[in-house]
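The chain below stands alone and is given as structure tokens, in the form predicted alone.
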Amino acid sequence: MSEILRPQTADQAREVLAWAAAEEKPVDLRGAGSKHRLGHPVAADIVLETAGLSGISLYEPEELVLTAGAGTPLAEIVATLDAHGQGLAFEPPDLGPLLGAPPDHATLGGVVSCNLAGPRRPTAGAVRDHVLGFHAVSGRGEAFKSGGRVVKNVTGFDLSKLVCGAFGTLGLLTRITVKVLPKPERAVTVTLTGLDMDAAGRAMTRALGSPLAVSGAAHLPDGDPAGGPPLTALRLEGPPSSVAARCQGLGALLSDLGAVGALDEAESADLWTRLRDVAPFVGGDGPLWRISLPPAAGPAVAEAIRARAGGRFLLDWGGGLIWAALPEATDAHAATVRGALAPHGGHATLVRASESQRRAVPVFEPPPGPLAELTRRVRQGFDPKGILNPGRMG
């Protein structure tokens, strides 16, 4: 049984990790635990939770900057930003329900550590593009920081890019500064119904390649809700007059592919929230893969996987992101998924699977030899005794 520790300050967190390093005790780093089932299982003597490192310490709406403790609930940050008509442009998803945890339990540190972005990723960038700076504690038990409150503070090594997506293997984040942006005045969604994946891919590519500033492009081959006709959704955001004009232009651009419809603001908001949180696959038990690849290859890769394994799919990022919910299999269909992906490049992550499958199957895309060696050396620099989330990334 692991001992659970909840430091209330960054200094206390540093003392805990310094002691753990001296004793060579592995530590499982967690926010609220909403994503602790993402990645390989971690065997640790200590669970260190960041709930005590919570609270917004700085928010300057006019400067578009916010600083908060790593354990700050994302829901608290979103509510604060909502009150000022602002938000996190990268649309962080709430994957808790997808992984068997309650909704609204995600923390800022967890989102940054996992580098999780939603449907606006192709146009707004990844989480790492919105992190201005952070404070953290390494596996040596040493406090360190990078960046600041504005982009020009980022000089030398931009460690923010490194810790985003490191899944806590380089350090415990204690405080994070992010840039925020005004929320769009209006958002509507142009839809096409009944397209197969190839036609949907053409529609999304055409829309994203146009000057109409499409901020979201997704395709649900099984409809929404599941069992309905295939749905292709293209989001437009901005001032009302601009959105109206671009909506007309997009309809004309896609009219040869099928009947064009539209969702109003409320329907649009609900759809993109569901897509952001991968809601169509919540409650399933089989393996769920998250596949990132060149957008043009998305439909072909999804069809290749479906031909060999069956399953249900969701295409986001204009085809550059595939969510594949597949039937049970001993290897979670790893060979099928990575075999279909190999000719196109990209990477596949096993997001949901049984613990035994997550122990046996490479959850993250195995890196080539030189990259694996570079990764090992970077981790050794931050965590020479390997106490931070050991084994979580493989």
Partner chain sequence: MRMPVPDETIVARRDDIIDALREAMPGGGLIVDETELKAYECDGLTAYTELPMIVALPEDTEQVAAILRICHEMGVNVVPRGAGTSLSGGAIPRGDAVTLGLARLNRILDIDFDNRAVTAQPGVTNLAITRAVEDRGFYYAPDPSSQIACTIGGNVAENSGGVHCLKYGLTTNNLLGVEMVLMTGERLRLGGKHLDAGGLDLLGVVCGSEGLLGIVTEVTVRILRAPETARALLIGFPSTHAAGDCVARIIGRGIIPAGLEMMDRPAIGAAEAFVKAGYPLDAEALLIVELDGPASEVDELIERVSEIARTLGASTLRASRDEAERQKFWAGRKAAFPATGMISPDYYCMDGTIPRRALPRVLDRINHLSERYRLKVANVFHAGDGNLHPLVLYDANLPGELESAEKFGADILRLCVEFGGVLTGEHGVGLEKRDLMETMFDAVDLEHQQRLKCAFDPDNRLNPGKVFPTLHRCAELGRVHVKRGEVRFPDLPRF
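Numbering follows the first chain given and starts at 1. All values reported here derive from a predicted model rather than from experimental measurement.
Omitted here: the form predicted together with its partner chain. The next part is about that form.
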Practice task
Could you tell me if all three of Ile4, Ser138 and Leu371 have a heavy atom no more than 4.5 Å from its partner chain in the predicted complex?
Solution key: yes
Handout entry: Touches its partner chain in the predicted complex: Trp317 (any heavy atom, 4.5 Å)
Key = yes
Exercise for the section: Although its partner chain is absent from this view, report whether Val190 comes within 4.5 Å of it in the predicted complex, heavy atoms only. Expected result: no
Problem - Heavy atom of Ala218 within 4.5 Å of its partner chain in the predicted complex - result: no
Practice task
Flag Ala166 as yes or no: does it have a non-hydrogen atom within 4.5 angstroms of any non-hydrogen atom of its partner chain in the predicted complex?
Solution key: yes
Exercise for the section: Choose from 29 to 37, 353 to 361, 62 to 70, 327 to 335 the stretch whose residues reach within 4.5 Å of its partner chain in the predicted complex, heavy atoms counted. Expected result: 62 to 70
Problem - Leu271, Ala89, Leu208, Leu81 - the one with a heavy atom within 4.5 Å of its partner chain in the predicted complex - result: Leu208
Completion exercise
Within 321 to 347, the residues having any heavy atom within 4.5 Å of its partner chain in the predicted complex are Gly345, Gly346, His347
